[in-house]
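The form predicted on its own is given below as one chain in structure tokens.
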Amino acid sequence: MSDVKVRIDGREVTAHEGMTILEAARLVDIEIPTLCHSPDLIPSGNCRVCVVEIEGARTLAGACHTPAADGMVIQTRSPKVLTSRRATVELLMAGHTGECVTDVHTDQCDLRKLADHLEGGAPRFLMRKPRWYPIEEANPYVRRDMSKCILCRKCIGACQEIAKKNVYGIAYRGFASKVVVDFDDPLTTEVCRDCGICIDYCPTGALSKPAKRGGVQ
């Protein structure tokens, strides 16, 4: 396997052919934020938080799925990149209708951490009809609060690629899009027993372990 040389934030980086920009940046401890990405899952580029600016390119590129090519000159924190990231996070926060302010677990929300890191204020985008769903607590293995979901699809990837169970999918379109079970049914399947992989990958707390009831968690 041959190497490629790229310049990231002024630093020359030697990466293996086939590596993504995100992987190349991490070789030299340049941190590019992500929400939908995990090294265990196939890159999807859904959240657009990891965008970077490539010299000569017309648009910003998703670092998690764009291969590093020899001679690339990349900026991870240019004004254009930071403006785009802040706008993306604002949009995600505007549609993320979980009660973050009063939630005792808000410090575990990756979206909230990213918003604080980018020094973003309250979202400027007002939703006419906030995305809100009742909390699903009937399943003894997974508690679902889909009002906190940001449609990153990590739960889908983890369930399909790691657990090999294919419980989740995406339904509806546009702002109405939702991660669903079957035909948007409650999560009642026993296939989730003693699994919890989707919970581990959820960045916002939309999926969590239920409180103990009757000796079952």
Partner chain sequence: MNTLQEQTLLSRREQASLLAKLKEAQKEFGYVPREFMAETARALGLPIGAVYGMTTFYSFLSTRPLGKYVIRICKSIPCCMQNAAMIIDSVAAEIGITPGQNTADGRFSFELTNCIGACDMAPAMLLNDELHGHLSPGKIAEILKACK
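Source: prediction; values computed, not measured. Positions refer to the first chain, counted from 1.
Quick note: we don't show the form predicted in complex with the partner chain, though the next part is all about it.
- At a distance threshold of 4.5 angstroms between non-hydrogen atoms, Glu190 is out of contact with the partner chain in the predicted complex.
- Remark: Asp184 counts among the residues lining the partner chain in the predicted complex, judged by a heavy atom distance of 4.5 Å or less.
- Within this chain, Leu27 is remote from the site of the partner chain in the predicted complex, having no heavy atom within 4.5 Å.
- Val180 belongs to the set of residues with a heavy atom inside 4.5 Å of the partner chain in the predicted complex.
- Contacts between stretch 34-50 and the partner chain, counted in the predicted complex as any heavy atom lying within 4.5 Å, involve Ile42 alone.
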